[in-house]
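Only one chain is shown below, in structure tokens, and it's the form predicted alone.
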Amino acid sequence: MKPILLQGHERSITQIKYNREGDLLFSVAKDTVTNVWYSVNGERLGTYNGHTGAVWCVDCDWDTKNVLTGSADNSCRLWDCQTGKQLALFNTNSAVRTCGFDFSGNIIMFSTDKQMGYQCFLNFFDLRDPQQIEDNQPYQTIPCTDHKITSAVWGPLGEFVNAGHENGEINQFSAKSGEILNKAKEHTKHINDMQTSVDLTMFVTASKDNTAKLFDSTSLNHIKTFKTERPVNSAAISPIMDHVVMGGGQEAMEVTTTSTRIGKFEARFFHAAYEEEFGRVKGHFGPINCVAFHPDGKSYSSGGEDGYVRIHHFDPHYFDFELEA
């Protein structure tokens, strides 16, 4: 089946996210626009307009009521998913790099960049308290003095956030007390992306050190490593198979010096248990910046430096595929 090509951005894609049912796909890019699409046919449903800088991150709560976006215009914004109306604006001192709803959809977290003399902070807001939003005062702010947070995901039950840092460390911050519960240092370089499994028990990290790694969400125990010969920009765990998909390619600024074949711009599939690569999918004209599995596991999407989002549906024989051990 031919992939569906979504053309709604003028600059490179920074993140894509499915809602819980998987009927909607949200995409954000460096061009200030947040798009929402029907994932089944690639039709654009609408846009969320308001940001004035590159949008780095997007998330949707479990009942697809609200959408959260974080941007380089020093703000994090909450939108009504259905109408596209802006519900809340959180102003920050520096760019918002990561954002996310906890499992209940009541509490949001977002982290800011270390730039212009400001530190990196991890902020927590309770959306049930209008006073916090009005005063722009999070109930919890955690400063990260040494290394800024580059990606973060909520743990199970919304008790803590697992955050990846630019030096390859992973820290587990309590959402209630703000203290560090656990630490792990398995990567040697910048962590580009973190995504959880469907039951939130594991997460996969993608790093500039050419590897993606699988961790236990609660204990931060390192489970598996998937090696490539290029920086990994994004990785996702299949909800139904023991598969991990990875996207990457060399740095965007070096792209002009290599042909697309050498650039390694394919999405790569690894077996989660055997750590072996078993498939590649071509398509993008540049590095892949983000990948995401559909919640039913029957398709996946990738967003690239070329500004396109591609939705790939798996062929029937993908589901019968067995890796020979």
Partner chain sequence: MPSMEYDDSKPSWADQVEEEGDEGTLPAAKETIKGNIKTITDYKIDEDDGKKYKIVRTFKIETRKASKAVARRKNWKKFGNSEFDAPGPNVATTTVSDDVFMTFISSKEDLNAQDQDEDPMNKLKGQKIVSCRICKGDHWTTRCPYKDTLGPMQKELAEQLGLSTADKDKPAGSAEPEPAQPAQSKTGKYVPPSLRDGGTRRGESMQPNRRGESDDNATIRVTNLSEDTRETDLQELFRPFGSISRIYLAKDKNTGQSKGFAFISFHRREDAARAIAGVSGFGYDHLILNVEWAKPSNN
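Positions refer to the first chain, counted from 1. If you're wondering where the values come from, they're calculated on a predicted model, not measured in any experiment.
Another form exists, predicted together with the partner chain; not displayed. Remarks below refer to it.
A.B. asks: I'd like to know whether Q82 contacts the partner chain in the predicted bound form, with contact meaning heavy atoms within 4.5 angstroms.
C.D. replies: Contact check for Q82: yes, within 4.5 Å of the partner chain in the predicted bound form.
A.B. asks: Does any heavy atom of V36 come within 4.5 Å of a heavy atom of the partner chain in the predicted bound form?
C.D. replies: Contact check for V36: yes, within 4.5 Å of the partner chain in the predicted bound form.
A.B. asks: Could you tell me if W56 has a non-hydrogen atom within 4.5 Å of the partner chain in the predicted bound form?
C.D. replies: W56 lies outside the contact set for the partner chain.
A.B. asks: Even though the partner chain is not shown here, does T52 get within 4.5 Å of it in the predicted bound form, heavy atoms only?
C.D. replies: T52: no contact with the partner chain in the predicted bound form.
A.B. asks: Taking heavy atoms and a 4.5 Å limit, what residues of 25 to 60 are near the partner chain in the predicted bound form?
C.D. replies: In sequence order, V33, V36, W37, Y38, V40, N41, G42, E43, R44, L45, G46, T47, Y48, N49 come within 4.5 Å of the partner.
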